[in-house]
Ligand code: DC
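This document opens with one chain alone, in structure tokens, the form predicted on its own.
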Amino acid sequence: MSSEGAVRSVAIDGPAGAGKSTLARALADHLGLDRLDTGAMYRSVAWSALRRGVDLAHDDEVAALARGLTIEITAGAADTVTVDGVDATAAIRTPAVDACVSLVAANPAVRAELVARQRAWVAAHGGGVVEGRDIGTVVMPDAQLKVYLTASSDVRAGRRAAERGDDGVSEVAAALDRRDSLDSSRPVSPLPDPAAAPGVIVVDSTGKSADEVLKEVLSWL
């Protein structure tokens, strides 16, 4: 692996609640790189479709919507997401969006549009830390560092429930399981197999602090 100072591109994949955003933020800060949460882009499309009453089953309409959206994601201590000039930072993280984002992500035309935007972002930033579910296999297959971050279902559900102040961990766990099943079985860009990307590092964050996960990943540089 290249030395830390030479690393310009990092791909982080994994299921919801594994800690991708926390790791991406820490790695970006440590390496001095810009950061992109691609999941926020799919959530932005889903939120916009719900807001405008677009039927998510109508692939062409959703794709046309995606192509016309202006999505701005500003990374920082608290990320902000603006869609067509409207602050959607909190709105894209609601249960309603959770329930339908997998359907949006399974739309081939939407994926083509957003992957193109993601690759353009990487080119414009000269690399960066990019998190999602198909980064090391589709968006940045040549990334210098590829991480597949996972955690047990219970841990992932607990983290997600805590983030949202939701005490219904069992309901959150069931929702995450449904999303994982949908994302893993979709025909276009399914949730990557940890072994699918050559050189991928598999990290299980179960029982580990954010600092411990960061140190483990940095040990591979």
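Quick caveat: nothing in here was measured; it's all calculated off a predicted structure. From 1 onward, residues are counted along the sequence shown.
Although it is not shown, the form predicted in complex with the ligand is what the next lines describe.
Undergrad: Might T38 be said to contact the ligand in the predicted bound form, defining contact as any heavy atom within 4.5 Å?
TA: Within the cut-off, so yes.
Undergrad: Residue-level contact is defined here as any heavy atom of the residue lying within 4.5 Å of the ligand in the predicted bound form; does T89 satisfy this criterion?
TA: Heavy-atom contact with the ligand at 4.5 Å: absent for T89.
Undergrad: I'd like to know whether V110 contacts the ligand in the predicted bound form, with contact meaning heavy atoms within 4.5 angstroms.
TA: Contact check for V110: no, nothing within 4.5 Å of the ligand in the predicted bound form.
Undergrad: Indicate whether the ligand has at least one heavy atom within 4.5 Å of a heavy atom of H125 in the predicted bound form.
TA: No, no contact at 4.5 Å.
Undergrad: Report whether all of R43, A105 and D134 sit within 4.5 Å of the ligand in the predicted bound form, measuring from non-hydrogen atoms.
TA: Yes, each of R43, A105 and D134 comes within 4.5 Å of the ligand in the predicted bound form.
Undergrad: Within 4.5 angstroms, counting heavy atoms, which one of the listed stretches 177-185, 23-31, 54-62, 148-156 is next to the ligand in the predicted bound form?
TA: Contact-bearing stretch, as computed: 177-185.
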